[in-house]
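Have a look below at one chain only, the form predicted alone, in structure tokens format.
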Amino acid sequence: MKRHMIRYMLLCMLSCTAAGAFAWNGLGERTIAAFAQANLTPEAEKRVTELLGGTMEDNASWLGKTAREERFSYIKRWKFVHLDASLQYAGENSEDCVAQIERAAETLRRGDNDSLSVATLRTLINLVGKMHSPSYYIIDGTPMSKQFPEIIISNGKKGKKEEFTHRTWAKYWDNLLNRHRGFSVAMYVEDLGVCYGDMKEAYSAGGPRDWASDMGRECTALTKLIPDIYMSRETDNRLEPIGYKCVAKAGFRLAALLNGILK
């Protein structure tokens, strides 16, 4: 049995015994999952509901929670995406995010058994979201987090009233949706549909490797917007819609992947 299949089987055993225990409040992950479910075909949504016994939102953070257990620590390596200098996928021999998405998709497509399908479906829900965060890209051997080891954000005020917030690159993107207190997942899903609904077909085209290259272009554009670690309030405001666009892409693409598998 191949190594990745063994690992999915281990996840499968955990999935059968602790389904509800791994739902936690990762707003971005939950929004992507809910937005994806809103774009499933009726056939795919029916099968997803049968497998999960609930919503994709409820299962969005299961893999990340699982990775905290020592026996599943290898999962932490799955979140990265490797691109070469031309922004083409370069992780064929790795266990990175794209490789795991492709393997999980093939496993789910075979549908060997429902228990294994549950684990792989949960894996896909989490990893397709992960690959749309600029936090985890490694381009030509350099992680984006190394380019921006710390972001210092101004509150936009002048003189003694100016204050600064320090964030790591990963923490900056992970907290993107948390800045609008009172917004629920349902509100974000509705807004994403209104703002990006006409881009559904364009964003959904291609497969995981194409999506990785597209995100590589997003990362390259970000390096031009942020010349150094200091970020003005104006730049911070300009990055927010970029983050929302990435969330919309993740939701549309996760839905497209599942619609193609769960026919």
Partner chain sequence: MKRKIIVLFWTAVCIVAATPYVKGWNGVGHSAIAYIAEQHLTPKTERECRRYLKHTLPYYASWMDHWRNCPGFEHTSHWHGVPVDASLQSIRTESNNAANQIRHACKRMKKYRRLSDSLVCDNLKYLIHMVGDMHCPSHTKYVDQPQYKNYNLRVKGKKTRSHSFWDSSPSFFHKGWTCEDFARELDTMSETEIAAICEGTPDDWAHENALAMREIFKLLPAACEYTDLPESDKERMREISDRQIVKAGYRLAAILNGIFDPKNSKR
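Residue numbers count along the first chain shown, from 1. Worth saying up front: this structure is predicted, and the values here are computed from it rather than measured.
The protein also exists as the form predicted in complex with the partner chain; that form is not presented, and the subsequent description refers to it.
- Just one of Ser145, Thr165, Gln88, Ser115 comes within 4.5 Å of the partner chain in the predicted complex, counting any heavy atom, and that one is Thr165.
- A heavy atom within 4.5 Å of the partner chain in the predicted complex is found for exactly one of Lys65, Arg238, Lys46, Lys200: Arg238.
- Between 210-218, 53-61, 191-199, 32-40, the stretch whose residues reach within 4.5 angstroms of the partner chain in the predicted complex through a non-hydrogen atom is 191-199.
- Contact annotation for Lys160: none of its heavy atoms lies within 4.5 Å of the partner chain in the predicted complex.
- At a distance threshold of 4.5 angstroms between non-hydrogen atoms, Ala170 is out of contact with the partner chain in the predicted complex.
- Among residues of the shown chain, Ile153 is one whose heavy atoms approach the partner chain to within 4.5 Å in the predicted complex.
- Interface residue remark: His180 is counted as part of the site for the partner chain in the predicted complex, having a heavy atom within 4.5 Å.
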